[in-house]
Every structure is written in C-alpha cells, then in structure tokens.
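Quick setup: one chain, the form predicted alone, written in structure tokens, and binding and motion questions come after.
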Amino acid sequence: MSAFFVHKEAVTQWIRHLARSNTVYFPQRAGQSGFRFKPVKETTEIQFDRYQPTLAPPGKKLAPAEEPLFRYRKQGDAAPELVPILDQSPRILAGVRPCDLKGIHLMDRANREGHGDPHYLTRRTHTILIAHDCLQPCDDSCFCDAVGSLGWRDNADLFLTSLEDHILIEVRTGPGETLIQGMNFPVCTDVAAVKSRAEAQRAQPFGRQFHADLARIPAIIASQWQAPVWEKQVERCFSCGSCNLVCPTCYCFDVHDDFDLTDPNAGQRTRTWDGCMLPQFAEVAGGHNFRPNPAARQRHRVKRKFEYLTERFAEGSFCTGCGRCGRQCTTDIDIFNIVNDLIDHAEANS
C-alpha cells in the first residue's frame, strides 16, 4: 500500500474536506477538561499532537448506550412481524489511538463470535478508521505498552504518525485508499526511515509497567482467587459502574421491550449498556445474586480482562491499557494497581 509525508496543515484541511461529505468523528473538547469523539464541523479544532484521552472510547460509536434492536407488530392470530433496525450509515473515526484501535479489534472478535451481532457488525462494516500513533504517553494513567497495545496497527484503514511539522500517512486498506484519492499528497519514498526517526522520539519506558511480564499475568490472577487484594481494592468502591461504562472492551447489555400504549399489538425491543460492577448485574429470577459483594464483582471484572477472555480469544490481554477506568473512578480505583498488587501478593507468598 502507498504512503505519504504531508504537512500537518494539509492533513487538517484533508480531515475538514472529508467531513463535508462524510460523518467524521474526531476527539474534541467537551466541558472544561474532558474530550469526546464528536462530529467534525468547519469550526472544529483538529489537533493531532496535544492529545488527551476521550471520556469514552471511539469504539462506543459502534455500540451506543441505548440501541433499538427491532420493532414488532402482531396482527390477529398470525405470528408477530419482526423488523430489525440496522444502522447502515457510514462514518469515519479519525484520531483513533493505538489502545482504542486494539479495543475495536477486540470488540470485532467478540461480536463476530458464534452467530455474530448484526447490529454491531453492520455499523463496523460501514466504519473507516483513521488511527494516529503515540510517541509520548497521553498522561500518567496509561499503560498501553504493558498490555501490548502501543504497537497496534492491524485494523486501521489509514495510520498516521506525526514527525515535527509533517505527518506520515500509511494506507493499509482499500477503503483507506479511497479517502486519499484526488488529494495529490507528496509520496513518501522511504517509509522505514521516517518511521525510524519517529521511533527514536518515542518515550522509553512508555507509560506504566507491570511488575511481571504480560504472559505470566493470567496464571498469576488465576492463582489468587482468595487473595486479600480483592477486599483491599474495593474498600472505597461505590459500585457505580463508571469503570465499565468507559472501558473499550466492556460489552455487556440488558434488553427491554417497550409497548406502544396507543397500539398494544406493536412495540420495540431496545438494549442498553450494563456493567458487572453494578450490584444487580448478577442477580437472577428469585432474587439470588451470584456476586452480591463488590470484591466478588471486582474479581470477576479483572479476571475477564486478564484471564477469561484472554484464554477464550487467545489474546494477550482484553485490557488495552488506556487508563480510562482509573481516570474516571470517583475514588481512584485503578485496574493497573489491582493487577500489580496481585502480582506482588503472589510473589510474596510463592
């Protein structure tokens, strides 16, 4: 595939150009200190370098907080007619960082498993990803390098790397190629040299690092079912579920049926986000709760990210190291600290 070395201002104008005929999302300021992926407008500030992590990851654009699944109507004694609601609107997610790029890859795998989720997959089919490299940690919370997310490139349609006042644009897919057509960008004649110069500027070490290699962590966590770490780490937990809501790889949901009061034979089924840290998440009919206390819920959450899903999908980690859960937690509970505490406890008692 082709590559181009383009002045940053030209890249900014290219993003604006794309937004005139496409729905393009880019990280933008929301409130006093937060950032969100919002549609690009003519007045949008497009800044690749001074990056701050968004409150919610871009992958949430593929799985909205509330989503209608299908409408139904019953006529007489016939079986109800079901009409699926599939969002086929095209979109471009631009400025996606490697940790979130990997998060979308992991959600692609989870949603393609078995019969597949047609609602997620329809949106995904109509989504183009323009990713951007990180040469410096976004803040003190990130640990993307520790979980193998920093070098992630695989599902990007275009991958951008900033170097001084230029940006290297690498075209990785056919849909990515279509976004470049007609722009007459300068071709990069030595991609390896440009990437080597960029790599020389990458911070070392990059972000926080675990006290053990990633390959050892699933077995360590599996051995720590009764560790006191679980109780220690939830002493101040409110069970609010904020960590679930901002996680790039949390995909649990609940469903409910909405009846049309003006027509009892018609209605709609809707799903909404759910989270394993919420007190009622594991409650079943009859009132029994399989994980009634916060420590059990926290243990389940950590094991999902570093043990259960890791083994199920043969991925190094289902945590992308974005740091959002710790960043958004009201009481500063951080999955990175939990894992390090488990590693330390395991080694101290081995």
Partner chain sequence: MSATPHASDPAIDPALYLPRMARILEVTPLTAREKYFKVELPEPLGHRPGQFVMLSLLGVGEAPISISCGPRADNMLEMVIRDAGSLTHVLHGLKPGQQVGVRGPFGSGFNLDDFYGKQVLCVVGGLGLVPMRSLIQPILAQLDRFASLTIISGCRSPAEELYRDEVRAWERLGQETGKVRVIRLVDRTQNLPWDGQVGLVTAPLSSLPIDPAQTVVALCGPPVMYKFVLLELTARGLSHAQIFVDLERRMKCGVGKCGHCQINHVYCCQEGPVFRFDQIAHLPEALQ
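Remember, predicted model here, so these are calculated numbers, not experimental data. Between two forms, the rigid core is the largest collection of C-alphas that superpose within 1.5 Å. Residue numbers count along the first chain shown, from 1.
The next section is about a form of this same protein that is not shown, the form predicted together with its partner chain.
Peer 1: Counting non-hydrogen atoms within 4.5 angstroms of its partner chain in the predicted complex, say which of 227, 163, 188, 110 makes the cut.
Peer 2: Only one option qualifies, and that one is 110.
Peer 1: I need to confirm a contact call. Of 92, 221, 247, 277, which residue comes within 4.5 Å of its partner chain in the predicted complex, counting heavy atoms only?
Peer 2: Only one listed residue qualifies here, and that residue is 92.
Peer 1: Given the stretches 212-220, 195-203, 143-151, 265-273, which is the single one in contact with its partner chain in the predicted complex, using a heavy atom cutoff of 4.5 Å?
Peer 2: Within 4.5 Å of the partner lies stretch 265-273.
Peer 1: Please state whether all three residues 21, 126 and 281 have a non-hydrogen atom within 4.5 angstroms of its partner chain in the predicted complex.
Peer 2: Every listed residue reaches its partner chain in the predicted complex, so yes.
Peer 1: At the 4.5 Å heavy atom threshold, is residue 41 in contact with its partner chain in the predicted complex?
Peer 2: Outside the cut-off, so no.
Peer 1: With the partner left out of view, is residue 157 within 4.5 angstroms of its partner chain in the predicted complex by any non-hydrogen atom?
Peer 2: Yes, residue 157 is a contact residue.
Peer 1: Would residue 231 count as touching its partner chain in the predicted complex under a 4.5 Å heavy atom rule?
Peer 2: The answer is no: residue 231 has no heavy atom within 4.5 Å of its partner chain.
Peer 1: Report whether the minimum heavy atom distance between residue 105 and its partner chain in the predicted complex is within 4.5 Å.
Peer 2: Contact check for residue 105: no, nothing within 4.5 Å of its partner chain in the predicted complex.
Peer 1: Does anything in 75-114 come within 4.5 Å of its partner chain in the predicted complex by heavy atoms, and if so which residues, in order?
Peer 2: If the 4.5 Å heavy-atom criterion is applied to its partner chain in the predicted complex, 75-114 yields 76, 77, 78, 79, 80, 82, 84, 86, 92, 110, 111, 112, 113.
Peer 1: After a rigid core superposition, would you say the CA of residue 76 moves by 2 angstroms or more between the shown form and the other one, or not?
Peer 2: Yes, its C-alpha moves 2 Å or more.
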